[in-house]
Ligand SMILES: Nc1ncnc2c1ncn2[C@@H]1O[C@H](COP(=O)(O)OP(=O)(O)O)[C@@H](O)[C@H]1O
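Below you will find one chain, with nothing else, as structure tokens; this is the form predicted on its own, and questions on how it binds or moves follow later.
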């Protein structure tokens, strides 16, 4: 998985803070050219793991390799190849957005012309061109998030570690973020995204690693997630006809909703089975008014795991 293009491999990593064991035993892989989602409830060890991959924390045991380098013994090589975007990172309020980016570029050893050119490119990429010459203190939370992403990209890293990158973004900016991350992965970068918005990760990620109580509990590709058993909401007019049809096909269902909007929840083994049910209902003259997954593919996996979310 790791090579000169920037893959990540983590094996048997643990990290404690005094008596608190934040990470107990995590295995994690993120190949180059793909977006890997890191999913888990608060306190599951996601941020601690990302800090270790970024060379900002050393593991108590286990191994980490980023683009073939060890963040503990080779931090300079790792940091030159990693773009790190934490969940919350302040800005130098007296500097303009452009000055923030060129300052970070200077810290990475970029020449004046290169960092200025790169900063202008990134302001366009994150849709902040009109704010480039304004003090960073005037930026909204969402605009600061976009600036933070540009800051992580300033040195054109091989690996991107993004902790809640969509936090504070409006719907349009979230769509732009998805497009940008997919483009970066298509260009060969390793992209790791930690997020609580699982429905969005379905549109971004190629694979996911689930963690709970400081341990990795499952790893799967999006294709694998999409082929698993999923819940679907179904509505029809009238609902009594839908109930009779489901019973005749031997499909079990639960009634959900309220007096204004009744719906049935069915559990189906694959998209092929869902297609069969919808087609059969329509051919049976059931007037189906809604038929859709109850949640995203990754959400289905997450809800099926015995994690500490409960």
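Source: prediction; values computed, not measured. Residue numbers count along the first chain shown, from 1.
What comes next is about the form predicted in complex with the named molecule, which does not appear here.
Proximity of residue 290 to the named molecule in the predicted complex: non-hydrogen atoms within 4.5 Å are absent; the residue sits far from the partner. The named molecule is not shown here, but in the predicted complex it comes within 4.5 Å of a heavy atom of residue 43. Although the partner is absent from this view, residue 55 stays clear of the named molecule in the predicted complex, with no non-hydrogen atom inside 4.5 angstroms.
Among residues of the shown chain, residue 22 is one whose heavy atoms approach the named molecule to within 4.5 Å in the predicted complex. Picking from 29 to 37, 45 to 53, 281 to 289, 61 to 69 the stretch near the named molecule in the predicted complex, with a 4.5 Å limit on heavy atoms, gives 45 to 53.
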